[in-house]
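Starting off, we have a lone chain in the form predicted alone, written out as C-alpha cells.
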Amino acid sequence: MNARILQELDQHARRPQLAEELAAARRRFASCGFSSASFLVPPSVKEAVAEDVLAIIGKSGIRRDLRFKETGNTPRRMRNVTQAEITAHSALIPGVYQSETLVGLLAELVGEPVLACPYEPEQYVITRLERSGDTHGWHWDDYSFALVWVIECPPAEDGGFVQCVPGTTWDKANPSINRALLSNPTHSFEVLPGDLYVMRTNTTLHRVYPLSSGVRTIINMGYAAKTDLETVVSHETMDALWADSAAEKA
C-alpha cells in the first residue's frame, strides 16, 4: 500500500497545472512566510496519512501543559506524539516525509533547497488540541520550514486557526514576544480538515489560536535550509515538549 500511495504522489506531481499552482504559492510564501499547499498531494495521500495519524494519536498521545521561558512563557496545552512513536507505528509517514517528489515540490515553493531536519525528533510530530483553552502558543521553530497536514480542525469561530508574524527573529535569551508582535503585521489564516500549509518557521513568529471547542489534530513535518546546517542549534523547547513521559497517556 505504501508504494502505491507514494506512486500516486509522484503521478500527482506531473499534473500540467502544478507549475502555475506552485508559482502562486511561492508568491504568497515570499510575502508573509505562509502559504496554503493543499494542492501538493492528492486526496488519496491525505486520507492515508490521516488514517495513520488518527490511529497513532489514539494510542500514543501524551498530554502536555507547559510554558517556556525561551518563548516568553507562552503556553503549550495539547496532546502530542513523538517522531520515535510515529516511526514505530507507521511506515507511510516516514516514506512521505522522505519522498524526493514532495521535497522537490517544497523546494520549488520556498525558492531554495529543502533538506531533512538533521535533528530527528523535529522531523515529524503529531499534535492534538482537544480541550477548551488548548493552544500551541506564540513561538518560533529551530529549523526553517514546516509542512503541516491538517487532519481535524473546528471552524474558525471555535479557534484553531493560524496566526503568524513574518520577518521576526528568535533570541532565546530575550524572546520579547510582544515586541515581535509590534514589529510587523499579524496575519491570520483559517485552516480546514484536509488542508496543508507551508511556513518559514524560524523567522515567522506563529501560534495556533486557542480552542473554545472541537478538536484540532495535525502532523507537522519539519525541514531544514542549508543555512540551518551551518548554525549551532539548541533544542530546549523541543526536548521538553516532546520528552517521554507517563503523564496522562491516551
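Given the structure is predicted, the values throughout are model-derived calculations rather than measurements. Note that residue numbering follows the sequence shown and begins at 1.
One more form of this protein, predicted together with a small molecule, exists but is not displayed; see below.
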property	result
4.5 angstroms heavy atom contact with the small molecule in the model of the complex for residue 141	yes
Non-hydrogen atom contact residue 136 with the small molecule in the model of the complex at 4.5 angstroms	yes
Partner proximity in the model of the complex: residue 148 to the small molecule, non-hydrogen atom cutoff 4.5 Å	yes
In the model of the complex, residue 29 touching the small molecule (heavy atom, 4.5 Å)	no
Sole residue of 41, 211, 218, 49 within 4.5 Å of the small molecule in the model of the complex, by heavy atom	218
One stretch from 200-208, 177-185, 66-74, 52-60 that, in the model of the complex, holds residues within 4.5 Å of the small molecule by heavy atom	200-208
